[in-house]
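Taking the form predicted alone, here's one chain by itself in C-alpha cells.
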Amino acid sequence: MSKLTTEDQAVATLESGMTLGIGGWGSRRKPMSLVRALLRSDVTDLTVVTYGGPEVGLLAAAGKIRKLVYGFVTLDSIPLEPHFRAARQGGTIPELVEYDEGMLQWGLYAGSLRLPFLPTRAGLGSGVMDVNPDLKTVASPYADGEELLAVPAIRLDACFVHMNRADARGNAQFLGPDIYFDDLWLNATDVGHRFVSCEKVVPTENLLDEGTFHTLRINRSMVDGVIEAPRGAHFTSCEPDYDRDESFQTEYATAARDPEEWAAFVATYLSGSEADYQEAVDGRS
C-alpha cells in the first residue's frame, strides 16, 4: 500500500498541543521541509522533543513551542542557535527539560519499548539533576543495590524524520554515517502521525543499490506517511547527498540576530510554499 503524501498533508493531521519528535542531530539531516510546512500551519502550543538544531530556532521564533525537551540545540559549525538563545534569555519558551544526550536516547528507547522508565548511570552527580528536580532514582533489586537514575519514558504523538531513500510503503534508508536515533523517534510515536521525508522515493527492490542491509533500519510498520522531498533537509546536511549549506546557515544566523533582517529573511524564504523556498535558495546571488 502506498503511503506517499505531502508535507502539507502530513502537517494537516497534527493538532495544537501535541508532543512532536523531530529526528536528525543538530544541523544534520533534519526534516526541514516538514518543519517549514509546520511553520505555514496554525498548529501551535507544541511540546517538541529533539536533539535540536535550526528546527528549534524556527519554531521558537514563530511562537509554536510550549515545552521543549532536548539534549542540546546547536547549528554545529555555529555553536549557539541564535533564536533558541534569544528564547532562553527572554524566557519565551514556557517549559524546558534539558537532558544529558544519553538520557534523551534512553527516554526514547523506554518509550519505544512501552516501559515506564529505564535505569542509567548517565546524569548522576551532574547538574542535570538540579535542573530536573522531578527526576527519580531507583535502587538495583540485585545484590549490588546500586542507585541509578530512572529516566522516564518519552512517548510522542507525532514525529518527523528525514532519510536519504524510501519506498512508497515506508521502508526507509540512511546512507550517511549515522541514523541519529531516527528509528527510536518513530518507534516511540503513536500510530497515525509517523512521517518520513526522503531525498528520493525508489522501488523497494532498489533500496540496496546504494547501501548494505544495515542501512535499512526503518521498515514500513514504523511509518504512516512518506514524503519525497529533494533537498528536504536544507540547509542542514544530508550526507552523502549534500553537505550543510554553510553560507545559507550563516545568512540565517545573521538574520536571526536583528528583527528587521529576520523579517526580510522570512519574507524571502518562509512566506510561500516549499517550492518557493527552494526557488529562493537557488536564486541567491
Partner chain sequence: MAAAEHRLADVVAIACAEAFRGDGEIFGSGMGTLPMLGARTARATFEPDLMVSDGMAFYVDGDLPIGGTDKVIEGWIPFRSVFDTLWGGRRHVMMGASQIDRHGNTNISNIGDWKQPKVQLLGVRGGPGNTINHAVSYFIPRHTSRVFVEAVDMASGIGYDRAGELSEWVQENHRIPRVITNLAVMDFETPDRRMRIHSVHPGVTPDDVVANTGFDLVVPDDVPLSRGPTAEELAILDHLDPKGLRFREVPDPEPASA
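Everything numeric here is computed off the predicted structure, so don't read it as measured data. Numbering follows the first chain given and starts at 1.
Below: the form predicted together with its partner chain, not depicted.
When contacts are judged by a 4.5 Å heavy atom cut-off, His234 does not count as touching its partner chain in the predicted bound form.
Residue contact check for Ser77: none of its heavy atoms lie within 4.5 Å of its partner chain in the predicted bound form.
Its partner chain is not shown here, but in the predicted bound form it comes within 4.5 Å of a heavy atom of Gln89.
Of the heavy atoms in Pro141, none are within 4.5 Å of its partner chain in the predicted bound form.
With its partner chain left out of view, the stretch that reaches within 4.5 Å of it through heavy atoms in the predicted bound form is, among 204-212, 172-180, 190-198, 155-163, 172-180.
Annotation: in the predicted bound form, residues Pro230, Gly272 and Tyr277 none come within 4.5 Å of its partner chain through any heavy atom. None of Ala168, Leu113, Leu124, Ala150 but one reaches within 4.5 angstroms of its partner chain in the predicted bound form through a heavy atom, and that residue is Leu124.
Although its partner chain is not shown here, in the predicted bound form the stretch 129-157 places heavy atoms of Asp130, Val131, Glu146 within 4.5 Å of it, in sequence order.
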